[in-house]
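Next comes just one chain, in structure tokens: the form predicted on its own.
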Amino acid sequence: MNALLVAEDVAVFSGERLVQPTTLSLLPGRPLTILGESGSGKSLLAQAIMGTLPRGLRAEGVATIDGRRLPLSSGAGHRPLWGRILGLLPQEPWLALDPTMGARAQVAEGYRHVRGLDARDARRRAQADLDSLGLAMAGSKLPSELSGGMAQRVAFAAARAGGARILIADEPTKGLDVMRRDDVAALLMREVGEGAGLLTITHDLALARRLGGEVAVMLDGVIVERGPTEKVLTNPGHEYTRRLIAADPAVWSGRPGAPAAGAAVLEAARLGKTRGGHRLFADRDFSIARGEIVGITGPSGSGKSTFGDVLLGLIEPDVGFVRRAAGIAPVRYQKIYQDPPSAFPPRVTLRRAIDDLVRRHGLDAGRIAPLLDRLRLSAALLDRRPSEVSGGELQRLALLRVLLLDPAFLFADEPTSRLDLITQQEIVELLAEVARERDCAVLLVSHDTELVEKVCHRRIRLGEEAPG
């Protein structure tokens, strides 16, 4: 069987070598999944093969794609393959989608300009794709009007529209509930069943198991273990792979004890909100005390992010009211965004963004270095722009920035959706530590019910009022 893609001795540099020389091949109908911690080089390896490395990085090695041999050091020759031979589902849907264009039109572009369909057929095929992903009513909506999970599904449909025989999917299920994750896995497997090549980068062990094929585990820019997915995930040979599997919330032990009784930092009564003609929630009462961790679960698009934004005052409720505790500065009510690119100015370095925060609020800059260590982040990352670091690194930097403000209430909107299981466990433990030691109330949104059950003192469910 001839390989659709062969990558030979692919390495990535930025002054230092970030990805060690790596060789891999992609066969028709046999998925390859790369697992590993945030910042380990998984996405950089895929971007080098795709020819989409961020500015300031360079690649070495050779990729043979659909019979065409491309030296990666030149960065040339990839563009004619994009959409037709190589399809990319990037990690951040907000960076992949045009903010001024409706969802159906974005998917239709691939059918019209890559496959050559007329405008009517392109729209029809695009709508069918949206229907199959549970987005029947989202065709005219802009990306800003979609939840993170919805935007991810639109980006997936757009990546498939050109008919590429090789699909590189970078975290295709992040931010999705279990049902939608299984829907996306089924679509990926449909592509594989039709003889396509699939290279998936994910932190989701359940997705890797569902896809089957082969799995490669990456650590510090090196593939440390590789083999059939079932064998590697059932009987791992490398210590890091064993740690990765052990960090799955499904195998965490225990539940949090009851929080110490404390005064409420925020209360709400009779909240209701409708968006796009659909009622998200109605007649909701809520209160959260100092040191308490409350989880919110529910399907994608059920209003979880909207509920937290209403509590923070970022969105006005249609009915009801929110009352904050007296004597707490407004700046201590904070949010960790589901999509960290939306939390940072795109054209300045991360160091500038954090330094601006420190100056504006008179914070202690001496706390930055210890937090970098606690979050396992290199100080060198601060000299990059948001688009030049991985999604997991950017999410941890967003958490660092929030913690500098000593929050009294923290709305954490899917804070671990971009993190590998080991880093997720560390971040969740840090959030629990902040809640316990600083009396910070935490409202945690997650699609992972196992994580919520193991971490939160109680949880609320949304979705009964939302469309399926």
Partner chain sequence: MGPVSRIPVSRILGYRLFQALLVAVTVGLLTFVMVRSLPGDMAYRIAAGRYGYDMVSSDAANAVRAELGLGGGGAAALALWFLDLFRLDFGESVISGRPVLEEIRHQLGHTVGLSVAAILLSVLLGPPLGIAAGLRPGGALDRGLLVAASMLRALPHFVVGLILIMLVSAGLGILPAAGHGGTENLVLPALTLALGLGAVSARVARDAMVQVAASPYYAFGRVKGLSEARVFLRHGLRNVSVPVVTYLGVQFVGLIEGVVVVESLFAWPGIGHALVHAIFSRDVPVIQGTALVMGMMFVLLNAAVDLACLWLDPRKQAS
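Note that this is a predicted model, so its numbers are computed, not measured. Residue numbers count along the first chain shown, from 1.
Missing here is the form predicted together with its partner chain; even so, the following discussion is about that form.
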Any chance all of 288, 295 and 439 sit within 4.5 Å of its partner chain in the predicted bound form, going by non-hydrogen atoms?
no
Which residue among 265, 271, 130, 88 has a heavy atom within 4.5 angstroms of its partner chain in the predicted bound form?
88
Contacting member of 238, 113, 123, 367, with respect to its partner chain in the predicted bound form [4.5 Å, heavy atom]:
113
To test your reading of this chain, name the stretch in 207 to 215, 152 to 160, 192 to 200, 276 to 284 whose heavy atoms come within 4.5 Å of its partner chain in the predicted bound form.
152 to 160
According to a 4.5 angstroms non-hydrogen atom cut-off, is residue 83 in contact with its partner chain in the predicted bound form?
yes
Heavy atom to heavy atom, is residue 98 within 4.5 Å of its partner chain in the predicted bound form?
yes
Given that the partner is absent here, does residue 79 sit within 4.5 Å of its partner chain in the predicted bound form, heavy atoms only?
yes
Just checking whether residue 142 would be counted as a contact of its partner chain in the predicted bound form - the rule being heavy atoms within 4.5 angstroms.
yes
Taking its partner chain in the predicted bound form, which residues along 48 to 70 bring a heavy atom to within 4.5 Å of it?
50, 52
